[in-house]
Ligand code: GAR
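Before any questions on how it binds or moves, here is one chain, the form predicted on its own, in structure tokens.
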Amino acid sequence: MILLSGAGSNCAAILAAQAQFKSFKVCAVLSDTVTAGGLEFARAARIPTYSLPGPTQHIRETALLHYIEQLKPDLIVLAGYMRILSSNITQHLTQNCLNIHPSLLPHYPGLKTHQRVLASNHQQHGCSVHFINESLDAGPLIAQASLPLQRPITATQLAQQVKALEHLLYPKIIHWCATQRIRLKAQTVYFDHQPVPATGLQFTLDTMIKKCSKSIDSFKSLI
């Protein structure tokens, strides 16, 4: 099950990987925004879509819990879902809910990550995949993928680079979860039965190229 709010580029990458890996099947795509572009990707792939309407968090999350109970997904994937989940939700999902964040956590949780990293002296940027918990962008880290910051660059250009990196990393992590290579036990992430460091599995752009069979010519053109 995928949750999203916007254009849905990560959703599109996951749906493409579904055909590539054949280890998982997206059962539904849910959005709190009825006009979210990600819903169109799902409909084109004939994946059921559902909206989480309502003026309050309580109404939206009541609907979300209803769909989770109805669909019983093995894994819930936040792919640009822009609502902060309440503890009422996270306590039900900590073992089977992933999030992707456009920074190298714990640096720059929250919003405007690209502007903030450009205002710093950091020489690396990237994305992180983690299990959720009750704190914002602070759950156990599974993996990170990084790229060198090549200044001068705008926040928009940097966002495009990181987004392309997300499209390589996130489907691979979902595949590893589906094949049980990644598991969470007592808030520790395990990969192939070995504990993962607290900083998560570390990948660079080059290692992601080797681990992902898809072409990244479009990504290279952004660098």
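Small disclaimer: the values here were computed from a predicted structure and weren't measured. Throughout, we count residues from 1 along the sequence that is shown.
Below, we turn to the form predicted in complex with this ligand, even though it does not appear here.
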query	finding
I76, heavy atom within 4.5 angstroms of this ligand in the predicted complex	no
Distance check, Q18 to this ligand in the predicted complex, heavy atom within 4.5 Å	no
Partner proximity in the predicted complex: R60 to this ligand, non-hydrogen atom cutoff 4.5 Å	no
Interface membership of E166, this ligand in the predicted complex, 4.5 Å heavy atom rule	yes
Which of 76-84, 116-124, 89-97, 146-154 lines the interface with this ligand in the predicted complex (heavy atom within 4.5 Å)	76-84
